[in-house]
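Below, in structure tokens: the form predicted on its own, a single chain.
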């Protein structure tokens, strides 16, 4: 059953996300920033202490 035949008129969440360029920009900038920050923290933690 397609969305038009249901008659409730609601827009799916994924379509709302893909229709919003500002939200896509925020996700596109925030996700690499968070990923690389976590990666850097893990790299710093893995460095052994100097004697």
Partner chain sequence: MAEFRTCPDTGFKIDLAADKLIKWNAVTAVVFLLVGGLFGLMVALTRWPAVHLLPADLFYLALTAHGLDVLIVWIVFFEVALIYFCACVLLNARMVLPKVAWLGYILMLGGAAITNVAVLSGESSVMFTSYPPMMAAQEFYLGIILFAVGALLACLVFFATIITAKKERTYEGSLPLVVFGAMTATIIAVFTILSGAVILVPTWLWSLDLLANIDTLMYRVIWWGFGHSSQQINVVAQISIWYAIAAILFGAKPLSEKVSRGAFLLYILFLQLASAHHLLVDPGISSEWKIFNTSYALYLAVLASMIHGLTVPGAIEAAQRKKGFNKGLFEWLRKAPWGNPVFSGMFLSLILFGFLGGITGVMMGTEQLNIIIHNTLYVPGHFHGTVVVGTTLAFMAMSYWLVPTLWQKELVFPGLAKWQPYLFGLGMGLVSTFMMGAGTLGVPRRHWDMTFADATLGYDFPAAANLMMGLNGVAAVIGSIGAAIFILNMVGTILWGKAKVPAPAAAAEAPAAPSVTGAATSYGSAGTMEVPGTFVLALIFLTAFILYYFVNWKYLSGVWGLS
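As the structure is a computational prediction, the values presented were derived from the model and not from experiment. Numbering follows the first chain given and starts at 1.
Not pictured, yet referred to below: the form predicted in complex with the partner chain.
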### Message
Since only the chain is shown here, I'm wondering whether residue 13 would be in contact with the partner chain in the predicted bound form (any heavy atom pair within 4.5 Å).
### Response
no
### Sequence-ordered list of residues in 14-48 near the partner chain in the predicted bound form, where near means a heavy atom within 4.5 Å
14, 15, 17, 18, 19, 21, 22, 24, 25, 27, 28, 29, 31, 32, 33, 35, 36, 37, 39, 40, 41, 43, 44, 45, 47
